[in-house]
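In the block that follows, a single chain appears as structure tokens, in the form predicted on its own.
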């Protein structure tokens, strides 16, 4: 990566030129102003940027990115900062471009079932806007009440209902973005019927290494007519895992299948007064959704499966209030664990569903052997594990021991035929494990793709790849994407 001048006098001049791009008060430089931007939800890592730019329009974002290109100044785009992999961690020699003020829903078309939004729109706000038309936006990360669509796109967020509906990439139809080159591109559109390469699919999940999304066209879906949500308690985590296997093997396709184990349950009870069956080591949440007739038939089969899985108690939600209470306990789990420990790492590995029980047994064994508490919460339906590894950062070596356990879990996921990330991305947290999952040639190919979008590697550098450096583009003449006819120069 080409670095900007870091001499005090030279950098002061750069920041003065940057400040001239935006109205007064929208370049933050004071320590108190920048404190909130020094870290994201992975608080074990932090850095103070040179400045924080606060654009309010797409043109202002483009101007700031082009300034960074001209000055060879690294930049990091940021929404609400809910990344759990350090994906929006700033650089000490770069700037943060915060996108929260680009928060408009530009278009909502209930007939086409699409919404065109800016990157700072909060996930849940899309569903709120679509609800009067009987529609909703399906991806539902636990942080959906505060996380933004731009971040969801960057990290291909999932959520509890990804078993049935898929990830963010399954619901993004088009993207307008400014690349690290300063070029403005438009991929996809309002329809799934596209000709040629799937540039939109390539852009989703790029972790900010290509540039910044300015407009995102989202697919909206009809809201389910009926829900049936069940909470089942089990004496052991293995029993809960076996119940998941039985549900999936039956051919049922629930909207969501989630598991929480004892420590996570304790945290949810303390934080939001969630109610769970007493004497349980784990609870299983299964939610059916769809037309009333289908849910009614599936409910009979589900009840039979759960009854045969040796539960302590099966507790169906009797109404919408009880359903929301069940989900409130689950979605508060990550933040609630803060009541049990001053610090924790949220891991994000994936294993094949058939090996869930084996994976959980190993995690619990390693937790006992290391003396490090681990609260397991996960999307059981697609094998996405979220072990919350508890530690006290004030104790010497505690973070290192927690990271060692996290690394052991990630390597186990790869050995079982899974992945080192399901929805949180690589960021800085898992970049050293990328080589456990991909060969050197595969990583080099990824870096070349990244360089096609950002040859100076100024867009979110230091993330994803084991080395912070990426090869510069050697091809001369037209930009590769311009040759393909998918970018526009302004």
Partner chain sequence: MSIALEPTTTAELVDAVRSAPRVIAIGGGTKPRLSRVGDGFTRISTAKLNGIVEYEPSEFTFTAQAGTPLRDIVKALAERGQYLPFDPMLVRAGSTLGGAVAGGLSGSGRFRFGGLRDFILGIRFVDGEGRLLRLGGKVVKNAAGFDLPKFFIGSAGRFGVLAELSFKVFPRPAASRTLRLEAADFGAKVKLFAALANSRWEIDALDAPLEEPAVYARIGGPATALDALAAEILGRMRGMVLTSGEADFFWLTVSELRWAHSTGVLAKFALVPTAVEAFAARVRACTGARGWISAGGNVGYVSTPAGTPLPDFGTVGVTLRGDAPLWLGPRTRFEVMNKVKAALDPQNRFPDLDERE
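Source: prediction; values computed, not measured. Numbering follows the first chain given and starts at 1.
What comes next is about the form predicted in complex with its partner chain, which does not appear here.
For the marked spot (120, 141 and 411), a heavy atom within 4.5 Å of its partner chain in the model of the complex is absent from each of the three residues. For its partner chain in the model of the complex, the listed stretch (339-347, 365-373, 249-257, 275-283) containing residues with heavy atoms inside 4.5 Å is 249-257. A heavy atom within 4.5 Å of its partner chain in the model of the complex is found for one listed residue only; from 202, 269, 317, 399, this is 202. Here is the short version: of 130, 167, 288, 406, the single residue with a heavy atom within 4.5 Å of its partner chain in the model of the complex is 167. Contact annotation for residue 419: at least one heavy atom lies within 4.5 Å of its partner chain in the model of the complex. Its partner chain in the model of the complex comes within 4.5 Å of no heavy atom belonging to residue 304. Of the heavy atoms in residue 145, none are within 4.5 Å of its partner chain in the model of the complex. Heavy atoms of residue 442 reach within 4.5 Å of its partner chain in the model of the complex, making it an interface residue. Residues of 205-231 lying near its partner chain in the model of the complex, listed in sequence order, are 205, 206, 207, 209, 210, 222, 224, 225, the criterion being any heavy atom within 4.5 Å.
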